[in-house]
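Starting off, we have a lone chain in the form predicted alone, written out as structure tokens.
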């Protein structure tokens, strides 16, 4: 096992185990109230981890170039599954599909599909990326197709994540910056209409701008989160000793898990966990720079960007510097779909790192000598 692969794998395993610990701590009271079993939500998280590690192994051990052969079909399937969440008999909570006893969020899988499709498309188009109609428009249409469904769910936070991924991959993939600048400027009125057109989004924005006025309504979660973080101090209250999880902080086990982490382990523990995610993202960027080809570089970069960007968005919400988005903290928050896709993204980076190691060995050991 190469050193980059080893470091990435160790960080992934440690983050998943830490997630188990804090998901149980944060969810036990709610789980006991809802099901009578304080372990119920953790058991569901373990299922997501098993599926995630299976996906990670496949993406790690199979040559990553294989995925570009059917990335458009995989993307179409993910869009179809995401659209099915708009069908009331099949949907749960607007964003999940009920698959047997477990709900599944197809828009999470769509993140992986988007990385694979965008990367493959940018490589296939080659020099045609210099043309706006070839380099930007097709990918903008894909984003629009997903965006329409995400807005109807509604899931504005996921749409922001998709849009950021598209912008970054187009930029590093070779699309001229002037095309992206013009497209971004044209999208500003549209984004403003989305922000102010939905009452709940507008109220969240007002609560973000003036939290004191909305501390008992739309800013309630933010206030409770900040109280939990502040009460943790430097060293924390101790594992399992969070008070916020005792039904003071809504979504303590998923969107706002970081507040429980900071309350129980303090500033030092919270920084240590965020440092691990930072290390993982940094390793992913390093893998992208050493990738054997453009496809591998875009795969590793896109996967790493998604993990880092979603972490920043989640932390920004929890500490009150961003409006509430509803996004989970990768690897740590409760959510089987999120955990499974986060591990799959890690597996994609591992697959590129494995191919990079193999190509270096081939250069050092000529084929005639092997």
Partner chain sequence: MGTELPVRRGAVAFLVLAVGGLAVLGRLVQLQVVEHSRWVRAAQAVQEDLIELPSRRGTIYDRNGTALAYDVPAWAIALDNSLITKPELLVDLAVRELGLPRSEVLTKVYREGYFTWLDRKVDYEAGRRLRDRARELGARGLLFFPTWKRAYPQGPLALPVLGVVGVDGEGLAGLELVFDSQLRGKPQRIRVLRNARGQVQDLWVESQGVPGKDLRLTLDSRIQWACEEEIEDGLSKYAGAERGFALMMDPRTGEVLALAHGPRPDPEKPDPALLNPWAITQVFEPGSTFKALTGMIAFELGVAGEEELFSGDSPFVVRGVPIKNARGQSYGTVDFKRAMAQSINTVFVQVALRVGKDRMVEHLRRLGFGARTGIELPGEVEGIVRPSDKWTELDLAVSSFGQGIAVTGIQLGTAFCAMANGGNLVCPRLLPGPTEVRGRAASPQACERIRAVLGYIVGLQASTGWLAYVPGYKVGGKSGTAEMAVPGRGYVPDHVTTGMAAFFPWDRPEYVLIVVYQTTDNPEFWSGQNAVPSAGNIVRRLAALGVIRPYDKTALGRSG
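Note that the coordinates shown come from a computational prediction; the quantities given were computed from them, not determined experimentally. Residue numbers count along the first chain shown, from 1.
One more form of this protein should be noted, the form predicted together with the partner chain, which is absent from this view; the next part is about it.
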statement: In this chain shown alone, the residue from 183, 134, 251, 231 with a heavy atom within 4.5 Å of the partner chain in the predicted bound form is 231
- prompt: Taking the partner chain in the predicted bound form as the reference, which of 103, 76, 154, 174 has a non-hydrogen atom within 4.5 Å?
  reply: 174
field: Site test, 66, 120 and 204 vs the partner chain in the predicted bound form, non-hydrogen atom cutoff 4.5 Å
entry: no
message: My question is simply whether residue 147 lines the interface with the partner chain in the predicted bound form - judged by any non-hydrogen atom within 4.5 Å.
response: no
- prompt: Just to confirm, residue 115 within 4.5 Å of the partner chain in the predicted bound form by heavy atoms?
  reply: no
Partner proximity in the predicted bound form: residue 293 to the partner chain, non-hydrogen atom cutoff 4.5 Å: yes
message: Taking the partner chain as it sits in the predicted bound form, is residue 320 in contact with it (heavy atom to heavy atom, 4.5 Å or less)?
response: yes
query: Heavy atoms within 4.5 Å of the partner chain in the predicted bound form: which stretch among 82-90, 136-144, 104-112, 239-247?
result: 239-247
message: For the stretch 287-312, I need every residue with any heavy atom inside 4.5 Å of the partner chain in the predicted bound form, listed N to C.
response: 288, 289, 290, 291, 292, 293, 294, 297, 298, 301, 304, 305, 308, 309, 312
